[in-house]
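Listed next as structure tokens is one chain, alone, in the form predicted alone.
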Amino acid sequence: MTLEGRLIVVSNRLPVEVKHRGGGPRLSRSAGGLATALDSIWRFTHGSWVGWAGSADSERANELLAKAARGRPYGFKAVPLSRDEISKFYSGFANEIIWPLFHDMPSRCNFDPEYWEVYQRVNRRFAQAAVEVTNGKDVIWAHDYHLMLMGRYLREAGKMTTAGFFLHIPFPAPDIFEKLPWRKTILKSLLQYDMLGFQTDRDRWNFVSCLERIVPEAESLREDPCMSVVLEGRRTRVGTFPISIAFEEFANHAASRDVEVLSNQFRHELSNKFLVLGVDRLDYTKGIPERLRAFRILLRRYPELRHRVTLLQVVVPSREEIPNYKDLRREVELLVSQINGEFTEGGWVPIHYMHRNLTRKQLLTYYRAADIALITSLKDGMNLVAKEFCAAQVDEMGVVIISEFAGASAELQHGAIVVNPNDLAGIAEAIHRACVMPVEEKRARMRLLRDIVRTYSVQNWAEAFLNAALSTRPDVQPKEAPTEHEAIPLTTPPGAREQKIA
């Protein structure tokens, strides 16, 4: 990948955040995985990162941002947002409308028209900030559902540089998406980007299907390696680019002596029980209550597994200011209490529950210690926990149980056990199957999964998207034009279908 100009990344948040503590601004790392995902691509280019930086509206706060940029290949451009805008743009439109709607939960939406007004205003401000740091040869790369209108405002500002957009969450089918009052405006605004990227083929086809129903004047053209949509003489390329992780970094850290010692110590504390691991941000899309109820069914149907299996459920705090999330936490903790109350016996507690943030070392320790990664998302753009678990399984003994509605299942289906998260008895059966699975089958499955994640790393994801974006320029071509394999990564590496585990 070779960029003539610079890369301008635009996201809701910067990778660092300014908070007022102890009477003055302090700099900390932002929550969220986008900074980690993009970190590797900055090794090959330079540019600017545009986003909200918390309380970055004072001279001292901007000084902190300038200091944080030293030694990095990119600078920071802060987008100021008022408290009211944060409430109505982020908590409101993004997380009370788009998040539940795009995760197939329209009954949770609050279609407040004031949220829409603020969403438009904030997207315009993000576009203006990007314009201020961009020249004609740069590539603008906007991320996620917070910035779906930004392409429109870039064009209105007369900025003709290449602009791409990647959606990290699912894109809904037409029957769901059409419930959005501002559906046509959002679709037409997305078509103002030169390149659109989705996590899975299902998301991409949902988007195209929505265009066919809501914007019938848009013409879809199948072109290898991507497809194109033409509207009012403007062509937008649309592709599938499953996001991934830095495999070697995860694997090397997991193989370290420190993590190995901590992992063995943790297993010893659990008396070497068969360990099932759930790691999730607190969110109603993750299927945490469903997972707990399935585990209760497991213990009721297979009493021989009592004293032998333990569920470690880690819940990372998230969006705690939103009432739905407070209710979800209460539901989860009540279920944990009920199940432990029903089954706990001397020397054995069936569920170990943690509501906290984890350090990288703690996370890797649990990944290495676990026998099963249990992912029961009701809907998920990708779910990188599944891929991180595979990378950390240096002993190649773990089993992945994953929801068919998690984006990662498209890539991992041939080595993982795939379940319907609404089929609680089916999840219980899958856990039992993993518990009694022969060692040889476990190793074969995990080797295949690790090969898949190693082959399609986060570096491949970023390079594939940017190469595809660059190829939209009529006057500039990347040195290596994207092939079909690069621009639309296959769901499994070559030969994986032949290696499929029964």
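A residue's number is simply how far along the shown sequence it sits, counting from 1. These numbers come from a predicted model, not from an experiment.
Missing here is the form predicted in complex with a small molecule; even so, the following discussion is about that form.
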item	value
is_contact(residue 388, the small molecule) in the model of the complex, heavy atom dist at most 4.5 Å	yes
4.5 angstroms heavy atom contact with the small molecule in the model of the complex for residue 82	no
In the model of the complex, residue 356 touching the small molecule (heavy atom, 4.5 Å)	yes
Contact test in the model of the complex: residue 350 vs the small molecule, heavy atoms, 4.5 Å	no
Segment assignment from 113-121, 176-184, 363-371, 426-434: heavy atom within 4.5 Å of the small molecule in the model of the complex	363-371
In the model of the complex, the one of 86, 227, 297, 316 near the small molecule [non-hydrogen atom within 4.5 angstroms]	316
Position in contact with the small molecule when the complex is considered in the model of the complex, options 267, 329, 281, 414, heavy atoms within 4.5 Å	281
